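In the block that follows, a single chain appears as structure tokens, in the form predicted alone.
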């Protein structure tokens, strides 16, 4: 097993999220908003969708060497699940569910002569003898069969869950939020089962310029989007929490210094700062090739530095919010009483200030996640994002610029990146809105 830097940080983030969930469930002041979230059908359906994306990202974060390849290629669990899509590449472009190539070329006919026509794909629809008559029926049969198997699997799980005789658990399954979760999982699992079943015979989202399956690219891009959204938050939170609380509590010269730091940082155009930092990383890698002798290691290191740069440039907004909230909390009676009793400032910050600003931290984290995912797409579009060899929606959109200018137009790469990114960002935004409403102290109902 091979552990990359981003893999290790993702594992740490999962453990930290699990610990935070346990801690919050034990806090009395957190139970009401958590109950409000769990009773909201939209919030739970969005969370179920986010967890499906997270499982795909985690499967793509378990790396090991492929013993079947000659060069001991490093692959992930997701690559194993997508072996057919990964290995069944074509020569160049092909449309979704196509049997023939997307552009005409010179072909050698059966009688030895040459002709100008669309070539048959090497893998897409290769099992068909007469595509003109068999294609429509074969696609329908395999789509219906894959959806039926996926739906049957989810129905079996539902029957087992519904058959639980414990009355409290059965009442939980009957709630509206639980029905929303099961409906979301039913559609996602059935749809994924259908797409994976079809991908064994067709390129369901077509292929790109070098013949790589677009559906495989979009699945691999999920990890990049999640890494950008989560690891950037991991870098941003300590800076924002520490500086924001210190500036609001101590005031005076501490507040002046911290305000000068984030005001100066905000004065620098973020795009130029990110571009300069990425250029410095590239120069360092070029001058130390012995430390980056693997393309995967180079791409992973650039992704890690991009998360660090985004985190350093994104903490100022949350820091301002925490400073303003701390200025209010330091005048509360319980904080003044603790100061009068001689409690040390560090203990006051940890026991009285930090727990009372966590709702702001949580709301900011879920709200910033979607904006960071979109930021990766924008940065990769202008070539200062992730490494070009890394699968990401931004790189797919960047490469689609030239494809959209072709005649006939190649639209499926852009459409696939848009649909997957839209689904992730929409789920994150809906969940963020529910979290904001639940933790808003002005909403008591």
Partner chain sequence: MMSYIIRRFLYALPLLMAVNVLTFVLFFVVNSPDDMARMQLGQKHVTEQAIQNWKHQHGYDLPLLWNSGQAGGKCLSDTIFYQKSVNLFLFDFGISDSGRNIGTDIRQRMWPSLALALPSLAVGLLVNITLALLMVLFRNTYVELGSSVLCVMLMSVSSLFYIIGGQFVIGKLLKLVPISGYDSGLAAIKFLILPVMISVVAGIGSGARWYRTLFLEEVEKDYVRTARAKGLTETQVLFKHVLKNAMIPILTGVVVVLPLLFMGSLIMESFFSIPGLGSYTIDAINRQDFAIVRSMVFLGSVLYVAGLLLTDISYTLVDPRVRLS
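Numbering follows the first chain given and starts at 1. These figures come from a predicted structure and were not determined experimentally.
Below: the form predicted in complex with the partner chain, not depicted.
The contact residue chosen from 113, 287, 291, 133 relative to the partner chain in the model of the complex is 287, the criterion being a non-hydrogen atom within 4.5 angstroms. A heavy atom within 4.5 Å of the partner chain in the model of the complex is found for exactly one of 234, 321, 296, 265: 265. Contact check for residue 282: a heavy atom falls within 4.5 Å of the partner chain in the model of the complex. Contact check for residue 374: a non-hydrogen atom falls within 4.5 Å of the partner chain in the model of the complex. Using a 4.5 angstroms limit between non-hydrogen atoms, residue 271 touches the partner chain in the model of the complex. Contact check for residue 64: no non-hydrogen atom falls within 4.5 Å of the partner chain in the model of the complex. Taken together, the three residues 276, 404 and 418 all come within 4.5 Å of the partner chain in the model of the complex, as judged by their closest heavy atom. Within 4.5 angstroms of the partner chain in the model of the complex, the stretch 399-438 places a non-hydrogen atom from each of 401, 404, 405, 406, 407, 409, 414, 417, 418, 421, 422, 425, 426, 429, 430, 433, 436, taken in sequence order.
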